[in-house]
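Quick setup: one chain, the form predicted alone, written in structure tokens, and binding and motion questions come after.
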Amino acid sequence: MNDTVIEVEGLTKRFGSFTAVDGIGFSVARGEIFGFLGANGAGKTTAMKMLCGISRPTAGRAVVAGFDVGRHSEQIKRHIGYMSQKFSLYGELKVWENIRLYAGIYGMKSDEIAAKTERVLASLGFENERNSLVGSLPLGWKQKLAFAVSIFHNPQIVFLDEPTSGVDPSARRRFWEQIYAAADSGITVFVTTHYMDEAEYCDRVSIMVDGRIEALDTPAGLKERFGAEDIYGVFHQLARKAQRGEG
């Protein structure tokens, strides 16, 4: 994990007189599982949008997968995967149709898509669901499929925005097995979550408060620094210092 795939220096986003993200800086290594935490209104979603090439920074610099977010947003989008908390696949399409659609968007060739689809369906245990409408699948299955689709094109980095929101604990554990497998294959996982137990699964965790990163370390390091039994204790100590509300 020596290669740096995300490098952020002084990244800032202002909306008029409001500073949503205030000069944050950090780096993330290849194959790392990086937790990006913050209460509602802390600025983490705005920061993630800049890293994904969706929103241009007001100031500062960020390089993602070798591309500058301010100048090469389209190249970034082709080298990352993304999965949001709101289920992003098409419920009226079949499982295999969703895979083909998104793989095509990412520029993969038809014969490559067909061969890999079979391997992915087998790895998910979805061989008998290939012709099922995605809308008919249980939520945990949808999330498994959405993650598989987000990394189908083998991106350098996958951004996961609260991917297990609303999923039951056993399904969340299975989902994290997918995350570990992706990281083991060299894909960097950048994940936001409201579940503090999931933060414990990350290699490192950052915690944003009022647009700034107030802490960044391994879970063990954070707990030692703040004298907390778990990440929730660390998060609570920092989040209660927030001056601004949700937004």
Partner chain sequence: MHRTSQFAAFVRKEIYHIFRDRRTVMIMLVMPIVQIILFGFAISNEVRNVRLVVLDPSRDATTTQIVESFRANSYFTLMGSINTPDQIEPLFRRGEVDLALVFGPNFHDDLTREHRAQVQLIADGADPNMASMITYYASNIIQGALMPSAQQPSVTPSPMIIVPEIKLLYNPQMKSAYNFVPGIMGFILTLICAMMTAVSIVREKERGTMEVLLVSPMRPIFMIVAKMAPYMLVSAANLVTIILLSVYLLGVPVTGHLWLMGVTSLLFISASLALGLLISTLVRTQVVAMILSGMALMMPVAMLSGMMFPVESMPLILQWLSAIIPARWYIASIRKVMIEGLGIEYVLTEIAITTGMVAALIGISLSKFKNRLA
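Just so it is clear, the structure is predicted and the values come from calculations on it, not from any experiment. Positions refer to the first chain, counted from 1.
Below, we refer to the form predicted in complex with the partner chain, which is not included among the displayed structures.
* To do: May I ask you to state whether residue 94 is within 4.5 Å of the partner chain in the predicted complex, using heavy atom distances?
  => Residue 94: yes, in contact with the partner chain in the predicted complex.
* Asked: Taking the shortest heavy atom distance, is residue 169 within 4.5 Å of the partner chain in the predicted complex?
  -> Residue 169: no contact with the partner chain in the predicted complex.
* Examine residue 107 and determine whether its closest non-hydrogen atom to the partner chain in the predicted complex is within 4.5 angstroms. => Yes, residue 107 lies within 4.5 Å of the partner chain in the predicted complex.
* **Contact of residue 13 with the partner chain in the predicted complex (heavy atom, 4.5 Å)** => Judged by the heavy-atom cut-off of 4.5 Å, residue 13 is in contact with the partner chain in the predicted complex.
* Tell me, which of 84, 165, 117, 156 has a heavy atom within 4.5 angstroms of the partner chain in the predicted complex? -> That would be 84.
* 102, 147, 141, 126: which sits within 4.5 Å of the partner chain in the predicted complex by any heavy atom? -> The residue in contact is 102.
* Asked: So which stretch, 23 to 31, 46 to 54, 194 to 202, 61 to 69, is the one near the partner chain in the predicted complex (non-hydrogen atoms, 4.5 Å)?
  -> That would be stretch 46 to 54.
* Could you list the residues in 160 to 188 that come within 4.5 Å of the partner chain in the predicted complex, counting only heavy atoms and keeping sequence order? => Heavy-atom contacts to the partner chain in the predicted complex: only 161.
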